[in-house]
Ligand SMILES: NC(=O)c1ccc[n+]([C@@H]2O[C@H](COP(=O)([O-])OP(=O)(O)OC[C@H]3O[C@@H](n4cnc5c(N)ncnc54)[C@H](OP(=O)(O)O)[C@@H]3O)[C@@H](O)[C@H]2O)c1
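Given next, in structure tokens, is a single chain: the form predicted alone.
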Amino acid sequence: MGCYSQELRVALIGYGNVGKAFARLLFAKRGAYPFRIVGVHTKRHGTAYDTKGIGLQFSFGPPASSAAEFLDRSKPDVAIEITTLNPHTGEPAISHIQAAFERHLHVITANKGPIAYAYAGLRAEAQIAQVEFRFESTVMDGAPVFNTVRNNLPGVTIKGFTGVLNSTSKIVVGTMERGLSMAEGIREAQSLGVAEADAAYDIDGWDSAAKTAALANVLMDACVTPQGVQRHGIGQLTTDEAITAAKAGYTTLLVSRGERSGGTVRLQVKPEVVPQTDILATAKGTSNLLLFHTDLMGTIGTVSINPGVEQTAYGLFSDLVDVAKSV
């Protein structure tokens, strides 16, 4: 028995590991959720179209000249933007999303760049176009963050947040605590597929800063960019320091913090040495943890245990289901 009679045509801008996992999930759930992919556009491999629905095995044709042309030809109801993060500008993902709004398409993204750099403007454009804009997979690999606040915390003000949101830095520190080098830790993170294309984005704190800005923009109306986050990475940490701290019962974490103070929001990302028994240290390996500091519910949190691309893909799927409820 189907859960939704409303069919949604979906176009994917980007088709890496997350896109492929999302396609597999959509295909597996097609009996209950009548969503179909009608187009896939990539800069590197080309573009594919099929109004009847693209299966898991398909061939790319010549690339569309732009995301706008791709959307015009594929004629979706929903555009899903899943290109690679540009941590310095958020482009071209921002422009892709704007092209979708101009065509009155609902948009879902797993790309944190647009939320970190242009959320307020994009939200306004979505409202003008009278379409939905969802982005659950941008911060914690699909674990409910924004949906938790929007759907389950009515009347609550987010006063601040504390998070350990970058998997690569935790893997690198864990490797150094075992006596290996930072470079070896980066290679381990890359082998697990969790590092950014340029691992310096993780080590220098840019990935965490983008997530911090995204959280502040959505939950605290901060209107900041990652450059507005006070940022220090783990690049100066040495193996000897990591080993010494571990022997004393401590570990180093790259911690994201946001705090509302009067009319301003203060944001920072920096390494913190915390006891291994601290709640922040319980998120090992690729696991992530986020605490919300609120006015009515005190401190509550979300934990994601060893997420992978399947969880990120599920975040896209849950957003798609959410959009289906609105049409």
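Remember, it's a predicted structure, so these values are computed and weren't measured experimentally. One rule holds for the numbers: they count along the sequence shown, beginning at 1.
What comes next is about the form predicted together with the named molecule, which is not displayed.
The named molecule in the predicted complex comes within 4.5 Å of a heavy atom belonging to Asp141.
Using a 4.5 angstroms limit between non-hydrogen atoms, Tyr15 touches the named molecule in the predicted complex. In the predicted complex, the named molecule stays beyond 4.5 Å of every heavy atom belonging to Ile186.
In the predicted complex, no heavy atom of Lys170 sits within 4.5 Å of the named molecule.
This chain is drawn without the named molecule; in the predicted complex, the residue among Lys29, Lys284, Arg266, His45 with a heavy atom within 4.5 Å of it is His45. Out of the listed residues Ser208, Asn111, Ser74, Thr252, Asn111 is the one that sits within 4.5 Å of the named molecule in the predicted complex by at least one heavy atom. Only one of 213-221, 90-98, 229-237, 118-126 places residue heavy atoms within 4.5 angstroms of the named molecule in the predicted complex, namely 90-98.
Across the proposed site, Val164, Arg257 and Pro271 without exception lack any heavy atom within 4.5 Å of the named molecule in the predicted complex. In the predicted complex, Ile82, Thr83, Thr84, Leu85 are the residues of 70-87 with at least one heavy atom within 4.5 Å of the named molecule, listed from first to last.
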